[in-house]
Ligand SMILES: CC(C)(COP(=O)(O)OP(=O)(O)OC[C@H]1O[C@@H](n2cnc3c(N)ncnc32)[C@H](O)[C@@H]1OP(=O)(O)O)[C@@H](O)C(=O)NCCC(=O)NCCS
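Shown here is one chain on its own, the form predicted on its own, set out as structure tokens.
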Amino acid sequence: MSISIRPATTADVEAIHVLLGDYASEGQLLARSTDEICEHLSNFVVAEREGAVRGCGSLEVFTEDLGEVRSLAVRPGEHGHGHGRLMVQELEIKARRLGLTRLMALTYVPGFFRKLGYRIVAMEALPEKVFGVCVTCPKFDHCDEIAMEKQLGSS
């Protein structure tokens, strides 16, 4: 069965909310309310197979050159089938179209992002994220995520 990556629609909001909530309950992602998902819906893509949402991810723009791969999640039991890779690749295409030259991700799975060309950087190398978003995070004083960055070439 083939995987399709497509822009999220309002029909996907509940599936995205549940998926992100499952990871948030394990401390792997920050929870996002359905209102927040709706507000940023145009930033989301979903991985779909056999008519069901199998994963989601979003692109957040920070500056004219920097964006973030955010809320990347794949349903448990679906790992290793390419959903995450395909969603990140689609978000990179979207980032290039917007004119971004760098993408970052905060992650607990650096090996996944390393395979896609990201490299580990110091959190301080991303002040747009740290001082724009991280300062309001409940984990700010004890963040255990790994910061990674990729320089985007032309598509």
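Throughout, we count residues from 1 along the sequence that is shown. Source: prediction; values computed, not measured.
Unshown form predicted in complex with the named molecule; subsequent notes refer to it.
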Within a 4.5 Å heavy atom cut-off, is T107 in contact with the named molecule in the model of the complex?
yes
For G111, is any heavy atom within 4.5 Å of the named molecule in the model of the complex, or not?
yes
Does at least one non-hydrogen atom of T34 fall within 4.5 angstroms of the named molecule in the model of the complex?
no
Is there a non-hydrogen atom of Q28 within 4.5 angstroms of a non-hydrogen atom of the named molecule in the model of the complex?
yes
Among 59 to 67, 90 to 98, 113 to 121, 38 to 46, which stretch has residues with heavy atoms no more than 4.5 Å from the named molecule in the model of the complex?
113 to 121
Partner contacts for 81 to 97, taking the named molecule in the model of the complex and a 4.5 Å heavy atom cut-off:
H81, G82, H83, G84, R85
